[in-house]
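One chain follows as structure tokens, the form predicted on its own.
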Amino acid sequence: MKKIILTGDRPTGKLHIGHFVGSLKRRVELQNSGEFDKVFIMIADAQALTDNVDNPEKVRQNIIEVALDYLACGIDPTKSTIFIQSQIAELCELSFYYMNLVTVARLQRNPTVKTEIQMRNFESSIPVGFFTYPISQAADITAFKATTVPVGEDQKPMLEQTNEIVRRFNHIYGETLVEPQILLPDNAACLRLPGTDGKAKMSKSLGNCIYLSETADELQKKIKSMYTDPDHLRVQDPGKIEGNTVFTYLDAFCRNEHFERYLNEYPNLDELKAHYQRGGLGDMKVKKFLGAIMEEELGPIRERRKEFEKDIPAIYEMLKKGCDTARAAAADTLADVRRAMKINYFEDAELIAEQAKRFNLGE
């Protein structure tokens, strides 16, 4: 069996470092590993419209922002197929068929859906499109016969529901769909990077993000205002690293060689943490260290993005080619699904012959 990746993002704004450590950085590594036969990366505009239906311009404008962020991070369109979800009509048809395999009660129990509904204050006024988001995602994944889906931990319930749909479909109609495996970040700190304000999740709507395209000044300003230990009022006070956003980011981004370059009085992160915990280390010194690391990481991304911004028509042409490739792959899967469900009436010569014989036609 071929090894295929499917992953993507909703175009509701520029991508941030939560996306980067949660999946983007890993995507580039996987793309360049040579281990996968195909890599599909989807800009999920149709999913974004489920809770932005009254603001399609927001989604429309952010298609190019996400594409630029992908390219700047190292996604290579010669190795990965970048496409726009709404341009692949086959996904809608697959979603329609999968709806018959899932109950309302099961969707209501999906932890990710429940959390997202609470975040958006939908309460009893839940758009059907948003409620059936897990079904749409199952269509996205199975359409490309994905064997691997690299996502953050918060998407784990969605993958579990996809696999339930796959198993039920295959049980009823025969082995047709591929059951995907989730691929989580290998750095535990990257599983759920908090916002700069210390909130549990980095979110565009909460305004607590560090975007991949931040200017150097904007980046440093956000790091300086980052949430730390509220009880660490003086340099000499002992500080807590648990729940301290600065140290969470250091867990995600810091490597031993960073100390050699920017803070050579410490050999590693454990020693820095120990000093902070016993007192005598100020927040601003730690933030300055984090700022240097983040600039080293994001500076090259920022510069590559500026280069890609010089030829926007070429980006749209790249996306169009990606959509053509994705559409062909999804069409093949849809043909398999129709065949398995026995709704490929006009391609089924045996059916036509049987019916002709039954009504004594053509004999």
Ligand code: ATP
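Just count from 1 along the sequence shown to find any residue number. Everything numeric in this text was worked out from a predicted model, so none of it was measured.
What comes next is about the form predicted in complex with ligand ATP, which does not appear here.
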Worksheet item: Can you say which of 221-229, 264-272, 73-81, 151-159 gets within 4.5 Å of ligand ATP in the model of the complex, counting heavy atoms only?
Response: 151-159
Discussion item. Suppose contact means a heavy atom within 4.5 Å; in the model of the complex, does that hold for all of Asn100, Arg106 and Arg167 with ligand ATP?
Written reply: no
Discussion item. Since only the chain is shown here, I'm wondering whether Ser205 would be in contact with ligand ATP in the model of the complex (any heavy atom pair within 4.5 Å).
Written reply: yes
Worksheet item: Does ligand ATP come within 4.5 Å of any heavy atom of His19 in the model of the complex?
Response: yes
Worksheet item: Do Leu193 and ligand ATP share at least one heavy atom pair within 4.5 Å in the model of the complex?
Response: yes
Practice prompt. Report yes if any heavy atom of Lys25 sits within 4.5 Å of a heavy atom of ligand ATP in the model of the complex; otherwise report no.
Written response: no
Worksheet item: Can you pick the one in Lys201, Arg255, Lys288, Lys114 that has a heavy atom within 4.5 Å of ligand ATP in the model of the complex?
Response: Lys201
